[in-house]
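Here we start with a single chain on its own, the form predicted alone, put down as structure tokens.
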């Protein structure tokens, strides 16, 4: 349960988590030095091992933390609730922006973990990520009113197209070194407005 870690002030917890995300996102598990994580977190290596028994425990803790942080943020934002797909996208956008600002390397770490091949870790990683890899998210079509969309639109194909384009957009943004929240939000809002103009009967709808 990492009780010693959770007894720390929230800011210190976040510093250690971000240091772990940062170092593990740059290297394979084996080539990620724990002393570099400790240095980036501003603590000693021995103190880091006081909170986590070993490197493997820290790594798996971070991977589970990605899930916890993301699910909590989505729940609190109300993202993926309602029947307006573009409102859902906007809520998801704002949630993503806040997460990227608070945890700059979290997405890159989770992607790196997905492809991690270390034999000491692979089984545990699969247990954590398998519930998500079995689901093709773009097929989970949210409830939508067909009357709001232009005639002849295949809503399943539309949603698939938007989902995959969004994944590509987020991936590109995450490859940069300097995340700008305002620029990120502005650019994605332009995409949302474009999709509205393409798919909706009403023209000129703008995100607020």
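Residue numbers count along the first chain shown, from 1. Note that the structure is predicted; figures quoted are calculated from it, not measured.
Only in words, not in the display: the form predicted together with a further copy of the same chain, which the text now covers.
None of 169, 179, 61, 50 but one reaches within 4.5 angstroms of a further copy of the same chain in the predicted complex through a heavy atom, and that residue is 169. A heavy atom within 4.5 Å of a further copy of the same chain in the predicted complex is found for one listed residue only; from 57, 40, 67, 161, this is 161. Although the partner is absent here, residue 26 sits close enough that one of its heavy atoms falls within 4.5 Å of a further copy of the same chain in the predicted complex. Using a 4.5 angstroms limit between non-hydrogen atoms, residue 111 touches a further copy of the same chain in the predicted complex.
Residue contact with a further copy of the same chain in the predicted complex: residue 200 places no heavy atom within 4.5 Å of it. Remark: residue 33 counts among the residues lining a further copy of the same chain in the predicted complex, judged by a heavy atom distance of 4.5 Å or less. This chain is displayed without a further copy of the same chain, yet in the predicted complex the stretch 111-119 from 111-119, 98-106, 68-76, 84-92 comes within 4.5 Å of it by heavy atoms. Looking at 180-195, the residues that come within 4.5 Å of a further copy of the same chain in the predicted complex, counting any heavy atom, are 187, 190, 191, 194, 195.
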